[in-house]
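Both blocks below hold the same protein chain, though in two forms, and each is given as structure tokens: structure 1 and structure 2.
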Structure 1
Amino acid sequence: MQAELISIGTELLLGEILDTNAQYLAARLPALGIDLFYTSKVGDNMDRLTEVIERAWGRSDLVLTTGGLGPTEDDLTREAIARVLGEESSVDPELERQLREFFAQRSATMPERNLKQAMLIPSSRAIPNPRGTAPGWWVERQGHIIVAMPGPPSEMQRMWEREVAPELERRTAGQRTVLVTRTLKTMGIGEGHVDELVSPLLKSTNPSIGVYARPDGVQLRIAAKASSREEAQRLMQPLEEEMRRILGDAVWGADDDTLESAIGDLLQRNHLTLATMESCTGGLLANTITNVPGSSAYFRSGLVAYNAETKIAWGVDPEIIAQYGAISAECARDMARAVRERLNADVGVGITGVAGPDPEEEKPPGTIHVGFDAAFTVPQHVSYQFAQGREAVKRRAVTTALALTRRVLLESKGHEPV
């Protein structure tokens, strides 16, 4: 099946928003055995939109569009599809009922212009969108398919996962070659070195291997083509095992794993709890940890101590601050100790530093100290300098804190099962 992607919206052409939908969908087509040959963006202009959809309809089996399903006058996707297929749109009573109900539940009355979101053409059926007012369109005629999805990623992604992908999987079952990928995530080894370590494996063509440098470490991507997902996985397994053997503890996760989820697993497996005290990262560490569902099982609580006064009020030793300053490895370690004791957690993590743009305590922006404290091992810290803008400094500090936590937990509490 040959597919084509069309992202719709003038704001995309003006570069005002980054089109993440195209990448999201492109990354998910290979596993369905669907080849993506073209993707394009087009603005909210009826003629150009019609031209692009018409060409896609002509040359591709499957056309996926995102955007242009809103209630406003420049949301033209439905109209353009109707024009290309030469069909009349009309309001679908059931869709209208659902739409009015959607507003009623939010105790609002539906603006009349939202009615266009209840429109259908003979060749289209509505795709449910519980997250918004715009249902998608599944359009099918003479073996060609157009799937029109809303632009907001949370709405589009749910529609793709729950409605569109399963249906496409049914359609392509049997007559497809699937491409299945597996990504191993590593920490603490450079791209070149990883490349050297696995070089004997790099010659393999199916599965193939790619090495990529990412902000949170080097990743290795195994990709296998086969007639079924199971078959592809059988092809990949020995290669993955060999890589894990070569790379050992450097591998901290796979595919959608995150450092925070890896740490969550380690903590739960060892029945440990965690507490945090952050200064310059302003809550990003706690927020990252609590992005993991179920983190309340091991995350005790966190403090954002944005000044020395609060640090001391929460148990940091005033003499340490007096002697070394609030921006010091000693303070980071004592923040970890204080919060661990204060919230009686097993593990405490402290971060202090200078997010920037201005220096503090004569220390330059990007100065970071991460402290780790636990009853079962000696206090530890990591200090470094990384001046790349306030938010990047915060992100890097949090990645460092998570990596340090993982390393200490592995060293003192044993290994993850491979």
Structure 2
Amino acid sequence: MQAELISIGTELLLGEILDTNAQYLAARLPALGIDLFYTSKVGDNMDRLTEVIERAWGRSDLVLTTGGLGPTEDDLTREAIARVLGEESSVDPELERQLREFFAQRSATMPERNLKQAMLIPSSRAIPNPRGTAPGWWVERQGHIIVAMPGPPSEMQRMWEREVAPELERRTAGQRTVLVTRTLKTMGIGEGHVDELVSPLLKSTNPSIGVYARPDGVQLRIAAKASSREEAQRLMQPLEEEMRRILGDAVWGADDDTLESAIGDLLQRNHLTLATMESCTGGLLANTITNVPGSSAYFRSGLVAYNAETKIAWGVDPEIIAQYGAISAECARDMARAVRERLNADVGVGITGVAGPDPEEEKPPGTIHVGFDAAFTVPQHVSYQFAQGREAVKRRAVTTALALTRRVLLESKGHEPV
């Protein structure tokens, strides 16, 4: 089955929002044995939208659209599909009842403009959307399918997972070749070195291997084609085991794992607690750590000390700041010590630096110092200079802090790898 994605909304063309829906769907089609050949973005214009849908209908077996199912005048997806197929829309009584009930349950009166969300054409059926007012459309005629889904990601993803993907899986079962991928995530060794280490495995064609540099390390993607997901996973397993043997502790996770969740697992496994003191990152490290569900089991707290006076107030040695400056490796190490002691944690991490864009205390923008302190090892630090914008520098500093924490914990006696 050949598929095409159409993302609908002028806000996408203006760069006001990112098209995460297309990324989400594109990543899930291969496992269904569906080939994606085209993607498009189009604004809220009837003529252009009709043109894009008509072209997709003519060349693709499956057309997936996201967006344009709202109640306003510029939500035109239903109307454009009806025009392409030459069919008339009409209000479906059951959909109207459900829509009015949706508003009544929230003690609100339904605007009559929302009635367009209860419309169908003869070739369509509604796809339930309990997270919003816009049902999807499943349109089928002459061997072609259009699936129209809402634009809000939470609504689209639920509709895809519960309604659309299971139906497509049933239809392609027994007549497909699926592509299944597995991504191993590494840290601490460069892309070229990783490529050299796994070079004997790169000749494999099914499964195949790709090596990619990412902000949180080097990733290796294993991809296998087979008649079923289970068979593809059986093909990949020996290759993954060999890659893990070769790369050892450099592998910190796989697929949807995050570095912060890997750190959390390592801390919990060793019954350790963590506290942070941040300057230039403004609490981003603490926010990242606490994005992991259950992080309260190991994360004590985080302090934001954005100037020298606050650092001293939270226990940083004023002599260190006087001698080395607030933006220094020595200060980062002492921030880690101070927060560990002040918050009674096993591990302390400190970050100081210049996020930019302007220099500070004659230190260039992008200067970052990360300190680590724990009772079971000597204080450590890493220092970098990142030639990027303010937001990117802050994120790189957080990734660097997590990487240092993982490395020291692995190197310390008695602490096993994730």
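Residue positions are counted from 1 along structure 1's sequence. Here the rigid core means the biggest group of C-alpha atoms that line up within 1.5 Å when the two forms are laid on top of each other. Source: prediction; values computed, not measured.
As for origin, structure 1 is the form predicted in complex with another copy of the chain and structure 2 is not. Shown in the overlay between the two structures, fitted on the rigid core, is a CA shift at Ile222 smaller than 2 Å. After superposing the rigid core, the C-alpha of Ala313 moves by less than 2 Å between the two structures. Put the two forms on the same core and the Cα of Ala403 is off by less than 2 Å between the two structures.
Overlaying the rigid core between the two structures leaves the Cα of Gly58 displaced by 5.0 angstrom.
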